[in-house]
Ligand code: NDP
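Take a look at this single chain in structure tokens; it is the form predicted on its own.
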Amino acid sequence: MKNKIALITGATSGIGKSTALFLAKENYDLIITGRREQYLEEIQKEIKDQYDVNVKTLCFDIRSESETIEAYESLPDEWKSIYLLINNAGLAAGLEPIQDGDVNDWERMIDTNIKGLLYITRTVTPRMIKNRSGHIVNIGSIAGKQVYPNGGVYCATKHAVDALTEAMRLDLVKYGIKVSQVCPGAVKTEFSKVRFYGDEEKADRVYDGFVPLSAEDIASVITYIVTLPDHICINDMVVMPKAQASAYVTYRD
């Protein structure tokens, strides 16, 4: 194939979708993944209508190791040599203190944010190692740097992503594979809507009184990182709205 191949998890909306569009503009062929097949097909069409790149869709649940492996193995051989892996799939569920937390929410976050990231990385990296080339970008969070009240388990999952990013870099550097992390602060996407179980009014209040980041903001940062010269690796980048000083301090008008 003439172009480098990028696989993006959680590409049906938000940062994942925006990143797919940004990378298509940079002439990456794309594998976009997620659980909502109709959305994947719509994004595939949108990209193909705008850019002269190839796009494949994989609809599976990244929380399942077997589904993840089966999806990858379903690709034609020439599509398995993925150069760029964007580990974007992730979520927050609930906002309660530990003593009141919903165990189902905890398992959903752990299975997606940690185990899902590991499943797809374990599946894709052997071919990267064989090719002695590749770049992994993990989407972390300011919650992986600082813990905030009532977000303990979500913050723990993103602290795990922070640690795994460093571990991956240590394990893969000898094979010429770069590993980066992008840690956003408040980004207005489906994130808060998912956290509050679809309550749009409650989700919108999260962003009252300041200008949050957009999915396109983070996609532009990811694109910057992956289009630098080969000898440069951005190990870690924290990206915040101007009004947000930390995970738990935001100035609101």
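Small disclaimer: the values here were computed from a predicted structure and weren't measured. The first residue of the sequence shown is number 1, and the count goes up from there.
Just so you know, the form predicted together with this ligand exists too; it's not on screen, but the next bit is about it.
Student: Based on heavy atom distances of at most 4.5 Å to this ligand in the predicted bound form, which listed stretch, 45-53, 60-68, 196-204, 24-32, is the contact stretch?
Tutor: Contact criterion met by 60-68 only.
Student: Assess the spot marked by Ser13, Asn88 and Gly185: is this ligand within 4.5 Å of a heavy atom from every one of these residues in the predicted bound form?
Tutor: Judged in the predicted bound form, Ser13, Asn88 and Gly185 all sit within 4.5 Å of this ligand.
Student: Is there a heavy atom of Ser220 lying 4.5 Å or less from a heavy atom of this ligand in the predicted bound form?
Tutor: Heavy-atom contact with this ligand at 4.5 Å: absent for Ser220.
Student: Answer with yes or no whether Tyr72 is in contact with this ligand in the predicted bound form, where contact means some heavy atom within 4.5 Å.
Tutor: Close contact is absent here: in the predicted bound form, Tyr72 is far from this ligand, nothing within 4.5 Å, heavy atoms only.
Student: How about Glu216 - does it come within 4.5 Å of this ligand in the predicted bound form, if we only consider non-hydrogen atoms?
Tutor: The answer is no: Glu216 has no heavy atom within 4.5 Å of this ligand.
Student: Though only this chain appears here, would Tyr119 touch this ligand in the predicted bound form if you measure heavy atom gaps against 4.5 Å?
Tutor: No, no contact at 4.5 Å.
Student: Judged by heavy atom distances of 4.5 Å or less, which residues of 36-54 approach this ligand in the predicted bound form?
Tutor: Counting only heavy atoms within 4.5 Å of this ligand in the predicted bound form, the single contacting residue of 36-54 is Arg36.
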